[in-house]
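As structure tokens, one chain now follows by itself in the form predicted on its own.
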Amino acid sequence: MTSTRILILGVLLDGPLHGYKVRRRLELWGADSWASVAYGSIYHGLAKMADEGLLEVVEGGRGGKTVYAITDDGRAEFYHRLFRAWMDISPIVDPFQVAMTFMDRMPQAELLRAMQARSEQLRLTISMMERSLGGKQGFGAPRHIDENLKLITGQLRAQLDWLDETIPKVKAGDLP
């Protein structure tokens, strides 16, 4: 909930919004892919932070839409968590690394097939992400949101580079 909490509070810095608009903005930014935001948790998070005094309800119930605004305590919480997010180095949990751990349990032909399939998928994903750079701004996303795409693309490219170096080693019997 930490990332979701920062995202919700940060979106509300621009002014009061109802949950649907908070969700739409996070969807536009692609937060589901780089922050693991479960969009259903946004509404729960809004209500919980209102109970904690980080948000206030400025308009409620009209058409089922509750409008939330950030409080001074919410701003303080946002900046505290934002600064910590810049400073904390946390491991990136990646199922691919789990698969790499057991690459020695696969027959060579199967391992090579899996590695080549991943390589192809990475190339397609990187290409798609590079084509989408700049496209979100037309829908109101800030320019720096593209930096997330660039970072993710760089991480995917690192996996692709590893595969390009490792596939020949597997073919030659040097790995695993």
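One rule holds for the numbers: they count along the sequence shown, beginning at 1. Because the structure is predicted, anything quoted here is derived from the model rather than measured. What we label the rigid core is the largest C-alpha set whose atoms superpose within 1.5 Å from one form to the other.
The discussion below concerns the form predicted together with another copy of the chain, not included here.
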According to a 4.5 angstroms non-hydrogen atom cut-off, is Lys65 in contact with another copy of the chain in the predicted bound form?
-> no
So, in the predicted bound form, is His44 in contact with another copy of the chain at a 4.5 angstroms heavy atom limit?
-> no
Is the gap between Asp72 and another copy of the chain in the predicted bound form 4.5 Å or less for some heavy atom pair?
-> no
Quick one: does Trp162 come within 4.5 Å of another copy of the chain in the predicted bound form, counting heavy atoms only?
-> yes
With another copy of the chain left out of view, which of Ala38, Ala117, Leu28, Val58 would have a heavy atom within 4.5 Å of it in the predicted bound form?
-> Ala117
Across 93 to 107, which residues bring a heavy atom to within 4.5 Å of another copy of the chain in the predicted bound form?
-> Val93, Asp94, Pro95, Phe96, Gln97, Val98, Ala99, Met100, Thr101, Phe102, Met103, Asp104, Arg105, Met106
Is there a C-alpha shift of 2 Å or more at Ala99 between the shown form and the other one once the rigid core is superposed?
-> yes
Flag for Pro16, CA shift 2 Å or larger between the shown form and the other one after aligning core = no
If we fit on the core, is the Cα of Pro168 displaced 2 Å or more between the shown form and the other one?
-> yes
